[in-house]
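The chain below stands alone and is given as structure tokens, in the form predicted alone.
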Amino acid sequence: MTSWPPLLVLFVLTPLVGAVLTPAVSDASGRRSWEWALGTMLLTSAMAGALIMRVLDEGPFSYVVGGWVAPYGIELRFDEFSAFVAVVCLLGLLAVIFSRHYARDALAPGRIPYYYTLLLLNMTGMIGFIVTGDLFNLYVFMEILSLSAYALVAISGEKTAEMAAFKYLVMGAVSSLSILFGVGLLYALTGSLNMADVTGRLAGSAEAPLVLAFAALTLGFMVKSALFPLHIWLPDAHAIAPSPVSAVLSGLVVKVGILGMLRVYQIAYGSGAIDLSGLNLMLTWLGAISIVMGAFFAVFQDDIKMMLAYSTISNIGYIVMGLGLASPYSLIGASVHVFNHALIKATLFLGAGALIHQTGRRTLTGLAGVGRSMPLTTAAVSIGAISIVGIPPTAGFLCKWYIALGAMQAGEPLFAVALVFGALLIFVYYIRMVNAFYFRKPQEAGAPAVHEAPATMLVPVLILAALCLVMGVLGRLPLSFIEPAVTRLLAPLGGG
């Protein structure tokens, strides 16, 4: 293992220390806590950039904390899939910037320091989950992420928010118990928690308990990713949470389930100890059903954030279907969609948050004609909308194209049809949104004049909208990370 140290450790510790100290540095207005959170995320983002440059130059690397090697020590590992921290840090930074005015107007002053504390804890959990090489610490960081997410949903203190957070917590507890059971069973089978070590020790293990362990892990991560029909916690949580939190939940937090499944695949494929064909078939079908059902429910929503929430379920279906098809192209498409969907959905949720903040309305009916008074925000949201549909040359096109090619490569053209049908449904409900913005007249005559949101809210939305276009044009950029990782993942099977 390559020793490239303290930076990996500091990368995890920086947002954690920042979160702990936020209440101490805060003032009555909440401005200092915002500045502290902003500085913490800028420093964390700089570290992420240095780590990504390293993996680009030299490939995956790791660091053993304290010098204790596996199976006794704690390993931090950075590979191409870990490059998702770039998106984590970017969205975390933009969510903090967006929150300057939003949090001041949406939250009681006494809650603002704790809001930034929870945001930084959420970033800590996500970063730790991505870079840990240890199954138990994977679980620990997942819990940090989850607990902070439950609290962020309820941070406003409103009854509906508390109920949504409670539903989220109950489903999260089921997920956590399932994952902990799977981790415990793998430890009982191998005597190790280090992922690379577990992979090497699984060969020759009894198949029945091994199948049970992987089934428990998969179930838990399916709940975390809100895959249909385990999605019931997501619509309320994402729709009711403050908009910066909705962007983080949809763009990042649900990806924990996907990244967790990728780690499960790395162990299973690397060890060759279990045949995943049955699991892959189930995931492919559940993914296809999620694509259609999420889009179907979104079509009938008038609340803009509820529409976006159901859209998340549909797009998680694309990713899971790509994983289940398990062909090189489908895995590349699914992995790239993890990156690009985060950017697209953050664009949409932050844009919706700016519209709601400025108008006080959140339904398509209430937002009719808002494109005339908030042209920049609605243009950014429209770019996010065409990107999520998958229209070239936006970021959403490349992912879905690769997943469709992967379905053909796997000899399953039916699932390519499901992908296209889902995209058509997505097109229907986003056309409703664009139509409301630009082609319908406001229903309230004499309503107060509306103008663009403050710069700290508008600029993050415009940056993300620009990235939706840039990542479509520069599609090779995420592929340069993903293709080598997928090749290594499938190498034990003779794929790639």
Partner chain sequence: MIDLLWDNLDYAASMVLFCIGLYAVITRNNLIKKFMGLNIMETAIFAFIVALGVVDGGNAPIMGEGAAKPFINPLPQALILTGIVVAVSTTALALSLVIRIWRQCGTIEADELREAE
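Positions refer to the first chain, counted from 1. Owing to the predicted nature of the structure, the values given are computational and were not obtained by experimental measurement.
The next section is about a form of this same protein that is not shown, the form predicted in complex with the partner chain.
By the criterion of a heavy atom within 4.5 Å, residue 157 is counted among the residues contacting the partner chain in the predicted bound form. Using a 4.5 Å cutoff between non-hydrogen atoms, residue 265 does not count as a contact of the partner chain in the predicted bound form. In the predicted bound form, residue 173 approaches the partner chain with a heavy atom inside 4.5 Å. For the chain shown alone, residue 193 is a contact residue for the partner chain in the predicted bound form, at least one non-hydrogen atom being within 4.5 angstroms. Residues of just one listed stretch (148-156, 242-250, 316-324, 81-89) have heavy atoms within 4.5 Å of the partner chain in the predicted bound form: 148-156.
Judged against the partner chain in the predicted bound form with a 4.5 angstroms heavy atom cut-off, the residues 93, 106 and 131 are out of contact without exception. This chain appears without its partner; in the predicted bound form, the one residue of 296, 269, 285, 139 with a heavy atom within 4.5 Å of the partner chain is 139. Interface residue among 306, 276, 169, 379, judged by heavy atoms within 4.5 Å of the partner chain in the predicted bound form: 169. Counting a residue when any of its non-hydrogen atoms is within 4.5 Å of the partner chain in the predicted bound form, the hits in 161-191 run 162, 163, 165, 166, 169, 170, 173, 174, 177, 180, 181, 184, 185, 187, 188.
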